[in-house]
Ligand code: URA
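Next up: a single chain in C-alpha cells, the form predicted alone.
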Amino acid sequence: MRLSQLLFTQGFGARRECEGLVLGGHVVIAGRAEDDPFLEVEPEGLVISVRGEKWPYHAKALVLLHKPAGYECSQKPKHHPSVMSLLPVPLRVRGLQPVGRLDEDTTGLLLMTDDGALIHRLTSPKKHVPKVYEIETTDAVTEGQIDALRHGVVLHDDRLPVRAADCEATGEKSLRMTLLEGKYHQVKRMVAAAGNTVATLHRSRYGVLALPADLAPGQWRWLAGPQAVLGPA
C-alpha cells in the first residue's frame, strides 16, 4: 500500500493532506522520516509516527473507552459533549461509532469501531453477547426484586417479559446484572419494573472483556480485534 494511502485509511485527512504530511517530513517509519508519499509499505503490523505520535495500522479500528458521566453516545449530541470528543482526530475522521449506547449519566465500558459487521455481531440479540452492569439503587434490594429480574419483568412497551441472564445483590443497595440484549434504557426500566430505582449505573464487562482497573474515565485504548470481546473463535 502506498504510504499516503495508508495515512488516508487511518483517518489522517484527505488524500492531498496525507501526501502533504509525508512531503513535509512528518511521517516516521522505523526511526526514519519518509518523504515519498508513493512509497510502498506493508501495512500489517506497521507502526508509524505522525507528528511525533505513534500510530499502529488497523484495517478496522476497535477501541475500548472508559466512558465518564456527562457524555452522549451520539455523533450529534443534543445536551452534552459527544463521546467522540474523547478520541483523537484520526479515529473521529475514519468514522468510529459506539457499539450500542450508554446513557449520558451511565459510566463504564464502551466499545467503538468502524467495522459495521462487528457492530451487528456484538449488538444483535440473537448473538447473546453478555453485558454486565453494576447498579446502585435508591432503596434496599429485596430477594423479591432479584427474583423478578431473573424470571422476567414486563416493560410498558413490550408484551413479553424481559429477564436478566443473571442478577445478584452486591450490597444492601446494589446489584450486578447481566443482559444479553440492549433495549432502550433497559436496565433502568427493568429495575423500576421490579420495584426499585437506579441511582447510578456502570457497565463493567462486555462479552469476555472486563473494564481494566488502570483505564481511567475518559481514557481509551486499542483492542487487538473481535476476539478481545468475543473470546477465541
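Given the structure is predicted, the values throughout are model-derived calculations rather than measurements. Start at 1 with the first residue shown and count on from there.
Quick note: we don't show the form predicted in complex with this ligand, though the next part is all about it.
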Give me the residue from T106, Q145, T137, T113 that has a heavy atom within 4.5 Å of this ligand in the model of the complex. T106
Given that this ligand is left out here, which of L91, L102, L149, V141 has a heavy atom within 4.5 Å of it in the model of the complex? L102
Want to guess which of 50-58, 179-187, 163-171, 37-45 is within 4.5 Å of this ligand in the model of the complex, heavy atoms only? 179-187
4.5 angstroms heavy atom contact with this ligand in the model of the complex for L201: yes
Considering non-hydrogen atoms and a 4.5 Å limit, does this ligand approach Y133 in the model of the complex? yes
